[in-house]
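Have a look below at one chain only, the form predicted on its own, in structure tokens format.
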Amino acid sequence: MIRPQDLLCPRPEGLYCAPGDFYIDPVRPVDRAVITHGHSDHARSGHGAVLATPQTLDIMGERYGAQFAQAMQPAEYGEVVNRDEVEVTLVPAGHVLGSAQAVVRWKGLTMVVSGDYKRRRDPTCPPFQPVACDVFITEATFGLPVFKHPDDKDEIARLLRSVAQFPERAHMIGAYALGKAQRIICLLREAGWDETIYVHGALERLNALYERHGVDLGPLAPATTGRKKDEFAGQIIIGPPSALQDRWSRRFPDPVAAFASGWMQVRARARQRGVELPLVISDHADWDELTATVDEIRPGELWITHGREEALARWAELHGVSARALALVGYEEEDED
């Protein structure tokens, strides 16, 4: 009788597939890796061979240089790749551009590794695709019942109301450089903000990459020192979260410090960062999305890789799904620089 742990098992390097001899999102260099998405806690350089979506490979190349691995194999969504006796298929995770779940099949057993994911619509990437499986291996970054994220459109509307209310001030939004910044830009465009959005230099290369992959970000310009301070009044500037408290922010007129993150639901975090306008916009599933996903898939077993594992495992057990917490280390909280 085949056991799930015969196909995937946790090791210090990450989830390991012995029959296919590869790791999924390993936290240290390995010979063969399957990478779910381009965030640095999941996509590291130095591997022998990397299998990922073309977008994720491009992101890794942009961040680490063209030779980030000895060999790179792109796999489109839905394409079946054989690793010895194991079939690997990447399907959309809805997290950021190129993000994927890894569907691993072997001798009639199907295990799905979610990577990071969300169930909300995102104009910058395909939506999460549920896959029937024997074992669903999920994240739980926001795996507590208190985390219930509001509608993205409502948060963007709050931002635009503040811009209208304080036309003499600049609005400076801290947003993670990969995924969150581009999503905020697209949501602003959908809400009718057609003006130039000014961006920190740390975002420019990834913005250009998103554009190359067909994501229209509209008019952007560098938030450089070549402009007078008062020219930024009434404007929206987006930079990495660290820029909110950096000298860089002093070039703007009385800036309203905003921060887009699921953690902005925690008021203490907003206060610690000096955030005046917290925007609760997350690229991770909240509690309702996590539990609805498990309820929809109804796997034979639920494994939880990282985050708030205990609460989600308890919820699963109460709803008839056997669960275990893997407590993998090396995966960071959302939006930390």
Partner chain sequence: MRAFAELLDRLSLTPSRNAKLTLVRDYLRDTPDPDRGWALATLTGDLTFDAAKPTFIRKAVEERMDPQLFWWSYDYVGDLAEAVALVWPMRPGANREPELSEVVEALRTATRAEVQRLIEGWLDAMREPRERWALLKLMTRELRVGLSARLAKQAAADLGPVPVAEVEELWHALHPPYEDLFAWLEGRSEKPTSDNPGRFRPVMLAQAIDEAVDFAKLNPADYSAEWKWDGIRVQAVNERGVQRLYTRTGDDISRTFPDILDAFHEDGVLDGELLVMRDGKVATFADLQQRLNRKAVDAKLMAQYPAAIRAYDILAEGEDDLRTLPFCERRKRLEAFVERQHTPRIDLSPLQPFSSWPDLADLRAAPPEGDPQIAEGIMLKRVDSIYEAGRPKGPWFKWKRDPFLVDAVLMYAQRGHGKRSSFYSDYTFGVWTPSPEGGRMLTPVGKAYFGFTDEELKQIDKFVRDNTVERFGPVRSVRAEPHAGLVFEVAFEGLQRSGRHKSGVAMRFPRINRIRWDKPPREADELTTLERLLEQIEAR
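Residue numbers count along the first chain shown, from 1. Computed from a predicted structure; not experimentally measured.
The next section is about a form of this same protein that is not shown, the form predicted in complex with the partner chain.
Undergrad: Quick one: is Asn82 in contact with the partner chain in the predicted bound form, heavy atoms, 4.5 Å cut-off?
TA: Judged by the heavy-atom cut-off of 4.5 Å, Asn82 is well away from the partner chain in the predicted bound form.
Undergrad: Should Ile297 be counted as a contact of the partner chain in the predicted bound form, where contact means heavy atoms within 4.5 Å?
TA: Result no; Ile297 lies far from the partner chain in the predicted bound form.
Undergrad: If we define contact as a non-hydrogen atom of the residue within 4.5 angstroms of the partner, is Arg250 a contact of the partner chain in the predicted bound form?
TA: Yes, Arg250 lies within 4.5 Å of the partner chain in the predicted bound form.
Undergrad: If you check in the predicted bound form, is Val30 within 4.5 Å of the partner chain, heavy atoms only?
TA: Looking in the predicted bound form, residue contacts with the partner chain do not include Val30, since no heavy atom lies within 4.5 Å.
Undergrad: Residues Pro145, Lys148 and Ser162 are flagged as a possible site; in the predicted bound form, is every one of them within 4.5 Å of the partner chain by some non-hydrogen atom?
TA: Yes, the whole candidate spot contacts the partner chain.
Undergrad: Please determine, with the chain shown alone, which of 166-174, 131-139, 112-120, 86-94 has non-hydrogen atoms within 4.5 Å of the partner chain in the predicted bound form.
TA: Going by heavy atoms within 4.5 Å, the stretch is 166-174.
Undergrad: Exactly one residue in Phe232, Trp263, Trp106, Phe259 has a non-hydrogen atom within 4.5 Å of the partner chain in the predicted bound form; which is it?
TA: The option sitting close enough to the partner is Trp263.
Undergrad: Just give me the single entry in Glu204, Asp154, Glu195, Asp216 that has a non-hydrogen atom within 4.5 angstroms of the partner chain in the predicted bound form.
TA: After the contact test, the surviving option is Asp154.
Undergrad: For the stretch 262-287, I need every residue with any heavy atom inside 4.5 Å of the partner chain in the predicted bound form, listed N to C.
TA: Contacts from 262-287: Trp263, Gln265, Val266, Arg267, Arg269, Ala270, Arg271, Val275, Glu276, Leu277, Pro278, Trp287.
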